[in-house]
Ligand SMILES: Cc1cc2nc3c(=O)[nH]c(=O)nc-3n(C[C@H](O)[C@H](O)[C@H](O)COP(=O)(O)OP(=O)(O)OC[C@H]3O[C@@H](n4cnc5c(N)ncnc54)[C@H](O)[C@@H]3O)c2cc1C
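Starting off, we have a lone chain in the form predicted alone, written out as structure tokens.
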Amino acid sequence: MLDYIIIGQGLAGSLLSHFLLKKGKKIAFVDNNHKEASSAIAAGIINPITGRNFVKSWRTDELQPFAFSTYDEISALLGVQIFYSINVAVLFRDIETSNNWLGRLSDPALEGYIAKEFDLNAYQKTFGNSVVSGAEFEQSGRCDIPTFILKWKDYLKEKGIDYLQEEFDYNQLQISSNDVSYKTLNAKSVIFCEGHAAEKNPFFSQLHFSPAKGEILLVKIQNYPFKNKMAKDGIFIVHLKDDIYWVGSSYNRDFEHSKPSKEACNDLINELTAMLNMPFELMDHLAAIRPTIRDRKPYLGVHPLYNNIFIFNGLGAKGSSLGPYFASHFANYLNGECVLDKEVNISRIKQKTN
């Protein structure tokens, strides 16, 4: 018998399976080929300082080092680099924002995250003279999530792990006090890591999701001088390979479908045109749905009635930094090694039992 059937092989499911396999657990996957999954188009940015007030991301001191070491470990396991340690360069085009940043420089909490120099002249050459100042943040980077997920899928299959590539049918999940069954799979428990599809999960209808549609561009920029930086000016420019760059992303809670929209494409093109003082060529325009949560903290926990149905979801836009630590934490919890962190336990949400 299997230990766990994992529903969804996006970032959450892939990371969780990594830590469960390290504990010797027997697992299987059901995945719909990452259909509409945000993991499939994410840039995987890990940025320690965020927001208009330039504050450290939640629990970044413990989350980011763990994320970096996890991605290095997985890279070695797969024989493919999936993590890149690179600075985030944030550009300021107005004096007020620049002054706000100057007021934050003395905060001891930011020590170790701020690069000592910001070459304003170099950035003005590429992004225009309207850039009045900026900052570079260290201890940042990006996980190549699409490559990780695809290579991890190959790795799972090479290890002989059962993998059903299909839409999960909740009606075919059979639950008893001792085990769960789904079609040909039989396990002690099931774990839902299904991204935005969790909004329709009948076992966790008590949880509140605020799905958001994100759209991105893939563009070609020749002779762009900042391949080794992730530049942010409202939107991000992130180097992927050769002369191809990820640009985005949009953020829309009021959407009618998951397909790319012409309006979002035009908005991103206009933003990039205003940001970049050099030509670019549009290569592709993609969209996906993020499983965001109102308090921006992931959902980890067990069903209020069934002790063999679990959820690990809601990593959101900061999934690259949140995912490794909480995947490890959840694997430890499932193995009886700890209690769940109260800040991410779904018990923080008022439970419905009917």
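Because the structure is a prediction, the values reported are computed rather than measured. Position 1 is the first residue in the sequence shown; the rest follow in order.
Omitted from view is the form predicted together with the ligand, to which the following refers.
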Notebook entry, point to check: In terms of non-hydrogen atoms within 4.5 angstroms, which of the given stretches 76-84, 161-169, 114-122, 92-100 touches the ligand in the predicted complex?
Noted result: 161-169
Notebook entry, point to check: Looking at 302, 49, 317, 28, which has any heavy atom no more than 4.5 Å from the ligand in the predicted complex?
Noted result: 317
Next item on the list: May I ask you to choose, among 41, 309, 63, 293, the residue with a heavy atom within 4.5 Å of the ligand in the predicted complex?
Entry: 41
Item checked: the ligand contact at residue 190 in the predicted complex, heavy atom, 4.5 Å -> no
Notebook entry, point to check: Does any heavy atom of residue 216 come within 4.5 Å of a heavy atom of the ligand in the predicted complex?
Noted result: yes
Check: Going by a heavy atom distance of 4.5 Å, is residue 17 a contact of the ligand in the predicted complex?
Finding: no
Next item on the list: Report yes if any heavy atom of residue 246 sits within 4.5 Å of a heavy atom of the ligand in the predicted complex; otherwise report no.
Entry: yes
Item checked: Members of 321-340 lying within 4.5 angstroms of the ligand, judged by heavy atom, in the predicted complex -> 321
